[in-house]
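Just the one chain here, laid out as structure tokens, in the form predicted on its own.
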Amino acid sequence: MERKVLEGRTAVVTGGAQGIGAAIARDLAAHGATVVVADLNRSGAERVGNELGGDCFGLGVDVGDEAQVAGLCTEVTARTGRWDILVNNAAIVPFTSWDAVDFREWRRIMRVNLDGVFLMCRSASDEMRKRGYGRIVNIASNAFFAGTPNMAAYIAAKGGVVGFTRALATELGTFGITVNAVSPGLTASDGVLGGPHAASFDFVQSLQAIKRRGEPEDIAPVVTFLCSEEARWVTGSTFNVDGGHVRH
């Protein structure tokens, strides 16, 4: 899709200050969307928003905080007049053995990875329903299908995202809103390369059909497609984008 298929649309990308989120923001903007880069790292969000140019901008937000999400919604609609696309990418990715996961850690993970998706979808869908149009793409993880060790709470949250995506598609379809999920595999994002997952690339590549590292730019075009009119008949689906690690 080289033409400006998203021209006139406003898109919000959470966790957009780096990695997969930043790649998605760049691709959406390249296809004509006015992109709001939302991230807990406000300076990073503003940097990416400024880099995109045009009417794009960055905002600081904690997606697990109801008041902050409401404030983001108010600012987005005040500055752009609309909210057409939501990409829920913000997440924390711990690598913790089951015995080390207490309830506080469980809630920390759920607050961002699942509660944050609910709060953002609640605000976005309310705005989208006013116009009878919307695209929501939730970023899940192929770890949900692979059952990756030392990630039980994370996988539970991402499993919730997959289930929520299916149910929300049913709830919102009548209003012209599609809801889909994208499940990346291990991807060479800033966060992954700076953490314990970086040591897993050789092993994961041995399981993939395509024998190379996944890059953030491999994920973004699938998201852009799901945000476009070309995906108008696609909803409630989850797409593994992982080089053929998980095949079904």
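All residue numbers are counted from 1 along the displayed sequence. Predicted, not measured: the structure shown is a model, and the values here were computed from it.
The protein also exists as the form predicted together with a small molecule; that form is not presented, and the subsequent description refers to it.
Does each of Val5, Gly32 and Ala124 have at least one heavy atom within 4.5 Å of the small molecule in the model of the complex?
-> No, the whole trio is out of contact, none within 4.5 Å by any heavy atom.
Tell me, yes or no, whether Cys227 is in contact with the small molecule in the model of the complex, where a contact means a heavy atom of each within 4.5 Å.
-> Judged by the heavy-atom cut-off of 4.5 Å, Cys227 is well away from the small molecule in the model of the complex.
Contact of Pro184 with the small molecule in the model of the complex (heavy atom, 4.5 Å) | Result yes; Pro184 sits at the interface with the small molecule in the model of the complex.
Might Ser141 be said to contact the small molecule in the model of the complex, defining contact as any heavy atom within 4.5 Å?
-> Ser141 belongs to the contact set for the small molecule.
Tyr154 near the small molecule in the model of the complex, any heavy atom under 4.5 Å?
-> Heavy-atom contact with the small molecule at 4.5 Å: present for Tyr154.
Which one, Val76, Ala91, Ile136, Leu119, lies within 4.5 Å of the small molecule in the model of the complex by heavy atoms?
-> For this set of options, the contacting one is Ala91.
The small molecule isn't shown here, but in the model of the complex which of Glu66, Asp190, Asp55, Glu217 has a heavy atom within 4.5 Å of it?
-> Here the answer is residue option Asp190.
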